[in-house]
Ligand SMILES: Cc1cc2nc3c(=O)[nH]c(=O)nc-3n(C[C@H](O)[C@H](O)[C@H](O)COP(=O)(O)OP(=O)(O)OC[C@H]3O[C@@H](n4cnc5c(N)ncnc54)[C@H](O)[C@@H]3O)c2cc1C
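The form predicted on its own is given below as one chain in structure tokens.
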Amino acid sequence: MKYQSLWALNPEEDIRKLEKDLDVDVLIIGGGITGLTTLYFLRNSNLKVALVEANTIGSGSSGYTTGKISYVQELVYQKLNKMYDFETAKKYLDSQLAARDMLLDIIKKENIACDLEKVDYYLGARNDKDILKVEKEGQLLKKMGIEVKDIQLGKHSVLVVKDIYVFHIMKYLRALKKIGNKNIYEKTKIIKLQKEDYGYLVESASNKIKAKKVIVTCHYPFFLKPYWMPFKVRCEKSYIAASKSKKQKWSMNTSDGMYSARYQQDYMINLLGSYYISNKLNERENYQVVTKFNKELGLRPDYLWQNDDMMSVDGMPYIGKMEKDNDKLLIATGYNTWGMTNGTLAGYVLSEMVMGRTTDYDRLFDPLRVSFYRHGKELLLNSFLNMQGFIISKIKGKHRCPHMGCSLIYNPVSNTWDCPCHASKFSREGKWVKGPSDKDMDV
């Protein structure tokens, strides 16, 4: 058994670091699905574009996903219908269908071999109290024009929908990397972002980049008003196992997001648990729970890994401007565990924005849409959870995270120091591994 992502097998070796200063029209920070998709859509523009990635392509959240391309996302349409209205819920559905079609179009157009498969998708309740919620989600989907089949499994109602896809995310990302490779710089960590008259001066450890516009597609948008993000997002963690199994053509989720499953060639991939990042801090125990669960299913995990997701206040991502009158700095985050569709959609929306064009989704995903009047409960909850994480870290942790001062907790599974607030990770010796911190930890 290996404590690593299944998708990280056989990584490419053609890594090019930034070794000179640059002057570009657009700088993309982050080499996951969002950054690479943005670069892809800008490839034929007249703009000079560069992408920098602190580690390697797909090494962040994109490389730790379950790889599902789904427009059914737990109970998101109920949430949007209640928080906003039916039209908003329907528009979000349209955005996810559009993102799915964009992905399929890119795969077909570029002839990308990424194990793409169409599967039946099941949404079920994990407990009795969610049965009615699942049924209501099905009614909303039907009202929005989606063909939904209801089946009964014991006492639980399960929704079945078509036109859901699964794929090998790293094969897809590596193909996008080959397309835009001349503009990609890996192992290039950005440590400073400074606003100038022309745009932004961006600095790595050894070079400077002048950029008229900057797009931050990192998992957690650091550099940017550090005390803004904790109100609008919270970080959750989940645990994923890949076990050898006879292949089947279906995928599923429970309505509360605590369990999901799919197949990848001769592996079954299942996700167990979705917890706020400062909860359940005993990582060895967390992995033991996953292993035990799989053994009860008759499976023996070959790969085990953890993923972190940024959760927004309303179930929709933040894509666009950080400041109302500043179109030179754009972000994308808060995908609520559905990064394959939302990351693709963000790449499209961001590329259109930098080219001065509008899309049908600009207002829907505007990062400035959040207000205390409409989202007060969620904002207060995020504030409480982030403060809780900070306090817990100070009680149980050691050393200080350079990002926002939380204390780090040692993870004996990965041999890393982990931040229980914003998911930064550092090696045993204190070197930065991943996450929003822009420095090594102090030892």
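Just count from 1 along the sequence shown to find any residue number. These numbers were taken from a predicted model, which means no experiment stands behind them.
Below, we refer to the form predicted together with this ligand, which is not included among the displayed structures.
Looking at 205-213, 186-194, 347-355, 138-146, which one sits within 4.5 Å of this ligand in the model of the complex if you count heavy atoms only? Careful reading of the contacts points to 186-194.
Find the only residue in 407, 59, 382, 411 having a heavy atom within 4.5 Å of this ligand in the model of the complex. So the residue touching this ligand in the model of the complex, by this definition, is 59.
Only one of 314, 309, 283, 130 gets a heavy atom within 4.5 Å of this ligand in the model of the complex. Which one? By the 4.5 Å criterion, the partner-contacting residue is 309.
Counting only non-hydrogen atoms and a 4.5 angstroms cut-off, does residue 99 reach this ligand in the model of the complex? Answer no; every heavy atom of residue 99 is more than 4.5 Å from this ligand in the model of the complex.
Does any heavy atom of residue 67 come within 4.5 Å of a heavy atom of this ligand in the model of the complex? Residue 67: yes, in contact with this ligand in the model of the complex.
Might residue 134 be said to contact this ligand in the model of the complex, defining contact as any heavy atom within 4.5 Å? Contact check for residue 134: no, nothing within 4.5 Å of this ligand in the model of the complex.
Answer for residue 55 alone: is it within 4.5 Å of this ligand in the model of the complex, judged on heavy atom distances? Contact with this ligand, yes.
Taking this ligand in the model of the complex, which residues of 328-349 have any heavy atom within 4.5 Å of it? Residues within 4.5 Å: 335, 337, 338, 339, 340, 341.
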